[in-house]
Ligand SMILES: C[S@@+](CC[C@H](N)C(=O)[O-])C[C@H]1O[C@@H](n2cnc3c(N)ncnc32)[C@H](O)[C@@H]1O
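There is one chain below, alone, in structure tokens, taken in the form predicted on its own.
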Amino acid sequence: MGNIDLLLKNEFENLPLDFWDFKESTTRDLTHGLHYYPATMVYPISQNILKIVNKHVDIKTLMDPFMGSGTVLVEGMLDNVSQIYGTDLNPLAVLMSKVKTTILSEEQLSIIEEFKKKLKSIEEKSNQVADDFDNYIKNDLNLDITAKTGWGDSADKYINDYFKNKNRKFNYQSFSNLGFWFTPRVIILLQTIKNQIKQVTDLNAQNFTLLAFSETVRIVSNTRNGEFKLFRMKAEKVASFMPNVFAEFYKILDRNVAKMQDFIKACSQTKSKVTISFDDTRKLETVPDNSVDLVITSPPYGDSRTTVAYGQFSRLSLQWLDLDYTTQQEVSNIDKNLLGGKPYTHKEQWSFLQSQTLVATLEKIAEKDMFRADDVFSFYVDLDKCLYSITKKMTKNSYQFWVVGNRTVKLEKLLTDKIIEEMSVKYGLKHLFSFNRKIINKVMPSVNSPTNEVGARVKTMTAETVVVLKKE
């Protein structure tokens, strides 16, 4: 191990045991707090990794190939890293990261303020239109807005009929089960706000307001907020649900403007160039080979279709946003396109990944459920592809910091930290050291019932491991 490696190892290992827990830290300071996102890395992790590594190595290029909400990228800007790359397969993560890392000018902030004034000028009339339509659905047609059929699956028909009879044109965002997830008046008001956003000609200002709109969509939808997965409120709550859509939007927009103003001040000396791409980490086509000095990343745990369902979390926002770089069909398939979304079912290939730890665990899972073993294997096949593509982008003597969690499947713990360490060897990577941190602020329950047996409970993930690799 080289002198720099030893210095890094000693510095990280000599920190207090609870240093990385960040009990008092949030994920909401500066532009970190522009939009909620599942399983977000607390920013002091990347902040302190950058601070320590920069003492010993000149970091010119930083990459997070699983950028999610853009936490690492924002910290890279605050650390004034020259070139920063971020990639993700979730279109909402791409929009979020672009907005969080785009320093708005005074002129763009003024454009946003003018947009808000214009929106306020039509607020009263828009609420009246929404209330009239709501009355038409509930009283004139006597539709049950809590039912899955009728309003729930045919909202398009009723919207079109109403405005056709009024001899008015109302362009709105249509998608499957629109009425199931949104009440009549909420649809009218959301579309009114979106129509005004689309008239903002400055793209950065428009994206900024779109991100506030995205969070508004979730808050005023019929979903049970505070969960990653899509669950609708109980029928009785939907029936009485009357959110103030304009007020919610203004509150989020004003909060975000204040956070952006703080970020502008914090980045007054920053000259970072940030490149954000809708890209598959298994390929990384948008990042040059042999160009990255440091990777800080936190890959999915491997349960994107179940516990931390990024696609489900993002779906309603994305269906309303209708971004240029994705289709409604792709929006519905995000979780299938993430790591492990496509199954590999060849047990004889388990050893191909060159991880004895993985093979031993797969064999134990297979004794209980072969399908789940294949499912787990599929995730690590994709993670291995990511290791290969990421390493191709790295410069000689560069470092990778992987923040990973070890989940449990069929009561068997998957030691992802050890599996990454073993799989990485064939790509010329050397494991330098690892360190642990407690997950203090969790949204997920501390226990769950993975076997669905009455009374059977298993502790969920309460710690993460940071695996440090070097490309020699």
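What you see is a predicted model, and the numbers here were worked out from it, not measured in a lab. The first residue of the shown sequence is 1; numbering continues from there.
The same protein also exists as the form predicted together with this ligand; that form is not shown, yet it is the one meant from here on.
*Asks:* This ligand isn't shown here, but in the predicted bound form which of 287, 387, 89, 212 has a heavy atom within 4.5 Å of it?
*Replies:* Result of the distance check: 89.
*Asks:* Within 4.5 Å of this ligand in the predicted bound form, heavy atoms considered, which of 339, 190, 321, 178?
*Replies:* Among 339, 190, 321, 178, a heavy atom within 4.5 Å of this ligand in the predicted bound form occurs only for 339.
*Asks:* Is there a heavy atom of residue 48 no more than 4.5 Å from a heavy atom of this ligand in the predicted bound form?
*Replies:* Because no heavy atom of residue 48 falls inside 4.5 Å of this ligand in the predicted bound form, the answer is no.
*Asks:* With a 4.5 Å heavy atom cut-off, would you call residue 67 a contact of this ligand in the predicted bound form?
*Replies:* It does: once this ligand is placed as it appears in the predicted bound form, residue 67 has a heavy atom within 4.5 Å of it.
*Asks:* Taking heavy atoms only, is residue 71 within 4.5 angstroms of this ligand in the predicted bound form?
*Replies:* Output for residue 71 is yes: heavy atoms within 4.5 Å of this ligand.
*Asks:* Would you classify residue 243 as touching this ligand in the predicted bound form, given a 4.5 Å non-hydrogen atom cut-off?
*Replies:* Heavy-atom contact with this ligand at 4.5 Å: absent for residue 243.
*Asks:* Only one of 368-376, 155-163, 258-266, 292-300 gets a heavy atom within 4.5 Å of this ligand in the predicted bound form; which is it?
*Replies:* Heavy atoms within 4.5 Å of this ligand in the predicted bound form occur in 292-300.
*Asks:* Does anything in 271-290 come within 4.5 Å of this ligand in the predicted bound form by heavy atoms, and if so which residues, in order?
*Replies:* Contacting residues: 279, 280, 281, 282.
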